[in-house]
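The data below hold one chain only, encoded as C-alpha cells and taken in the form predicted alone.
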C-alpha cells in the first residue's frame, strides 16, 4: 500500500509516522508513504497557497492551483484521491476495510483554513470526515485514516488481533483483564481463570453484546447475532423496559 499525504504541515505527519505501528509497517516495507508539501507547488511569493474568498467572508481559502498541481504530481491511474472535509462521508471501520482491500495508492489531501476553492472537488474522488465537528486542519483525519487502514493490512499486526476488535462484527470489544487478580476488591471474572475455552468464548460473546447494548445500541445488527445473543438481547431489552 502506498500513501501520498498532501499537507501544509509536513512535520505533523513526520512526527506521527516515526512511532508505533506505522513506523514498524514502514520498516517492514508493508507500506510506502510520501509527504507532499502543498506549498512547494505555489507560483506565488512567500509560499502563498490561500486567498480571501470572492463575495466576502471570514478566513482564507485554499486556492486551486497548488492543491491540484500537488495531486497531479503523484496521481496515477490506480490512485484514489481523498479530501479530508467535515462535509464528507463519516469514516468507520467498514470504510477502512474497503480501502485496505480495494486500493493500492491512496492520496490524502489535508484540508485547511476556512475551506478550499470549490473547483478542487473536480480532482477529488471522495470526501471523508471523522465526525461532526470542525478541526483546524486535515492532518489529524489523515493520520486516523492512515492508522486505521494500515493496521489491518496483511503482515502489519497479528490478524486475530484486529479481527476481534470493536466494530469488526458490529459489536464493541469484550472486557479484558490482567494482573493482579484482585485490585482493591475488584476481581477478575472467575470464568477467565477457569481454563475452559468454550465457557470463556461464551462469556466474551455475551459481554460484547452487553457492552454494545449499553454504550452503542445503534451498532447492533440482529441479522449478525447467533441464537444465544438474540435471546440475550431480548432479555437486556426487557430489563431496560424497551419494547
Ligand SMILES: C[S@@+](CC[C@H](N)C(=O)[O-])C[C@H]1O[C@@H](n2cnc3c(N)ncnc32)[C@H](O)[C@@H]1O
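Numbering follows the first chain given and starts at 1. Computed from a prediction, not measured in an experiment: that's the story for all the values here.
Here the subject shifts to the form predicted in complex with the named molecule, a form of this protein not shown in this document.
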> Residues in which of 67-75, 97-105, 123-131, 147-155 have heavy atoms within 4.5 Å of the named molecule in the model of the complex?
Replying inline: 123-131
> Do all of 175, 207 and 212 end up near the named molecule in the model of the complex, with near meaning a heavy atom within 4.5 Å?
Replying inline: no
>> How about residue 85 - does it come within 4.5 Å of the named molecule in the model of the complex, if we only consider non-hydrogen atoms?
In response: yes
> Using heavy atoms and a 4.5 Å limit, would one call residue 143 a contact residue for the named molecule in the model of the complex?
Replying inline: no
> So in the model of the complex, does any heavy atom of residue 81 sit within 4.5 Å of the named molecule?
Replying inline: no
>> Residue-level question: is residue 110 within 4.5 Å of the named molecule in the model of the complex, judged on heavy atoms?
In response: yes
>> At 4.5 Å, heavy atom to heavy atom, what parts of 38-63 sit next to the named molecule in the model of the complex? List them in sequence order, or say none.
In response: none
